[in-house]
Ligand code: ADP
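Let's start with one chain on its own, the form predicted on its own, as structure tokens.
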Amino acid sequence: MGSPLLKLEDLHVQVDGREIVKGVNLSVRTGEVHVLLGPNGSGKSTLLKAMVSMPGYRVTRGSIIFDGRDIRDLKPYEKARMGIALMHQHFRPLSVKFSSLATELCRTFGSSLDLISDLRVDGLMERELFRGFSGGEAKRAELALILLQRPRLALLDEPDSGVDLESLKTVGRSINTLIDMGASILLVTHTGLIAEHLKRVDTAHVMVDGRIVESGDLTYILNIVRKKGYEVFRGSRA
């Protein structure tokens, strides 16, 4: 089977001096799709941000192994160059045209704008990125930037939040494009709505109170969540 592309070992993360992630262990192999579910405030987004070294998210213990190398202390741009891309849940407007950044990503990563034609972002290209974008427009634009990076590992933070049904289908198709490209994916979701639009999910995990407490089949886990909520997982340990 070979070594995992990504391996988190006893990862602890603090934000403003408070421990949010409390010893996460997780392995993702090349081309695998993993879904991370959990209630709001469980540490899911914090985990992804710490993995890419976002300021304010401090890893205090443990390792982030990517392609056999501990990258815990690398800078965000160094991780991006290695093929790790983060899709944010919330977006800040940028004083740069969407088209300018998209063109630069095409040049840097050898991509083509044809790759994002299904995302319906043509009408956004001459606008400043995320400025005045609706929820669905912002999600599609961010996912377009991820696709143009052709990542080896895509970290997707709640791509199904705040979007209408049509945008959700579009987002799902574009994530399937990432799957077809061979990217490994770790996708965070609270509701699990995106799951029915994905062609494949290899493993699902439940995160509660900063720990992964359950791992297994997505359908099985979603059935439990929808019938009993996340409270049923409190006190469990995977």
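For every residue, the number given is its place in the sequence shown, counted from 1. Since this is a predicted model, take the numbers as computed values, not measurements.
In what follows, reference is made to the form predicted in complex with the named molecule, a form of this protein that is not presented.
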With the named molecule left out of view, which of S174, T189, S184, T46 would have a heavy atom within 4.5 Å of it in the predicted bound form? T46
Would you point out which of 176-184, 197-205, 62-70, 34-42 contains residues with a non-hydrogen atom within 4.5 Å of the named molecule in the predicted bound form? 34-42
4.5 Å heavy atom contact, V15 and the named molecule in the predicted bound form: yes
Would you please decide whether I20 lies within 4.5 angstroms of the named molecule in the predicted bound form, comparing each non-hydrogen atom pair? yes
With the partner left out here, check for me: in the predicted bound form, does some heavy atom of T103 sit within 4.5 Å of the named molecule? no
Taking the named molecule as it sits in the predicted bound form, is Q89 near enough to touch it, meaning that at least one heavy atom pair lies within 4.5 angstroms? yes
